[in-house]
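Single chain ahead, by itself, as structure tokens, in the form predicted on its own.
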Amino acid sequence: MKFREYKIGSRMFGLAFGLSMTITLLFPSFDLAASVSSEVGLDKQLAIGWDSGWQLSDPTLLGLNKPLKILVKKDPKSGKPIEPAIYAYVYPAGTSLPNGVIHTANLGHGVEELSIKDGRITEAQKKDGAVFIIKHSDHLETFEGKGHPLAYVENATATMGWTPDDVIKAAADTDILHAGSGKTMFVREGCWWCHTLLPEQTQDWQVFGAPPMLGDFNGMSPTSFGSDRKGPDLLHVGSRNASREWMMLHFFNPRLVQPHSIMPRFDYLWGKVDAKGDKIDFAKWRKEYDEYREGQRTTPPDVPMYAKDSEIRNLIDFVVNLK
């Protein structure tokens, strides 16, 4: 038979490739499916939402179909102060619910049961919207024998009557994080091509913080671990540097804070107008910056304050939320 040896070789290659993909992708999925979501994992999936990659509800990755993470300082129904303040994860009507609510098995044993029974998450409806909070169980001996309470998800819309509109109206803009939309910006702009979200178990601990645990990524899509590191790891960057002013300078032109940075400018994420509604003259700014770089000016030009509905606000919200 002509070229018989090529047929055998191609089949052997296909078998070896299939086996390697099984070992790489299928086997680890059993560990992931058996993992119990940590409080960090619950916060991530509730703050980010259903999917940060391409989706039919947001085909051009504009950050649509995303929840809001809101610091609640008073009960939106009664107006009574809440001390200490808590974070609520607000899903306006029509926003896709997080994976842990749609597929409760992603939460893991114990967390799933608590979230369904005590948290009533199965009563949440996409068409009506919902508000979620993270609660802690006292049933240590039943669900976890490690001496700390097990975190689970509560549907505050079902348990306390909180509606998305009520929570949003009661919050100041400074208490609202668009971290979900910002994750979409992070993926769309290719930030994970140069920055990882995965410190290694080496000297990384001393610089970037401890590596994540298995349950820290339940329900995340995509995880955005990254595969190369041309810049620092960002998993805990919000704990190292939560200055929005610094972030604003860095994203507008990284050379403002690090003269030898190889990071590209992301000034276009400001849009056309600043926080006051005035048109941003990018050409003028770059001309003045070049004058500063060449020593013709003693100070660089001021970076325009971004509008609250700009894409850069979303991206900065996501970055400062990484803790």
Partner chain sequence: MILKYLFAKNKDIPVGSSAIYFGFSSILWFVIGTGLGSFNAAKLAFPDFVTGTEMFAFGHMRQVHVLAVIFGWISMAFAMAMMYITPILGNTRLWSEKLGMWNCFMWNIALSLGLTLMWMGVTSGREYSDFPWPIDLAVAAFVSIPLAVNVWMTILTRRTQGIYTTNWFFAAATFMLIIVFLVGNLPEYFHLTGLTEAYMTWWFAHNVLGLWITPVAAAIAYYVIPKVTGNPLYSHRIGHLHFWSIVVFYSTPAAHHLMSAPLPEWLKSFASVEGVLILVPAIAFVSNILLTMQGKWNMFVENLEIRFTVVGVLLAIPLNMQGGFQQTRSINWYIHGTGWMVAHAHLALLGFSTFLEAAAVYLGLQTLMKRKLYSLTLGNLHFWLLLIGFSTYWISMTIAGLIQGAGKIYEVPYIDVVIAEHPYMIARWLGGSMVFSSTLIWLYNMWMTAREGTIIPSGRMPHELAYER
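If you superpose the two forms and keep the largest set of C-alpha atoms that fall within 1.5 Å, you have the rigid core. What you see is a predicted model, and the numbers here were worked out from it, not measured in a lab. Residue numbers count along the first chain shown, from 1.
Not on display, but discussed next: the form predicted together with its partner chain.
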query	finding
4.5 Å heavy atom contact, residue 262 to its partner chain in the model of the complex	yes
Proximity of residue 189 to its partner chain in the model of the complex, heavy atoms at 4.5 Å	yes
Heavy atom of residue 53 within 4.5 Å of its partner chain in the model of the complex	yes
Heavy atom of residue 204 within 4.5 Å of its partner chain in the model of the complex	yes
One residue of 161, 222, 209, 238 in contact with its partner chain, assessed in the model of the complex (non-hydrogen atom, 4.5 angstroms)	222
Single option in 133, 198, 177, 167 placed near its partner chain in the model of the complex, where near means a heavy atom within 4.5 Å	198
Contact segment among 45-53, 272-280, 294-302, 64-72, judged by heavy atoms lying within 4.5 Å of its partner chain in the model of the complex	45-53
Sequence-ordered list of residues in 228-242 near its partner chain in the model of the complex, where near means a heavy atom within 4.5 Å	228, 229, 230, 231, 232
Residue shift check between the shown form and the other one, rigid core fit, residue 11 Cα at least 2 Å	yes
Per-residue C-alpha change between the shown form and the other one, residue 299, threshold 2 Å, rigid core fit	no
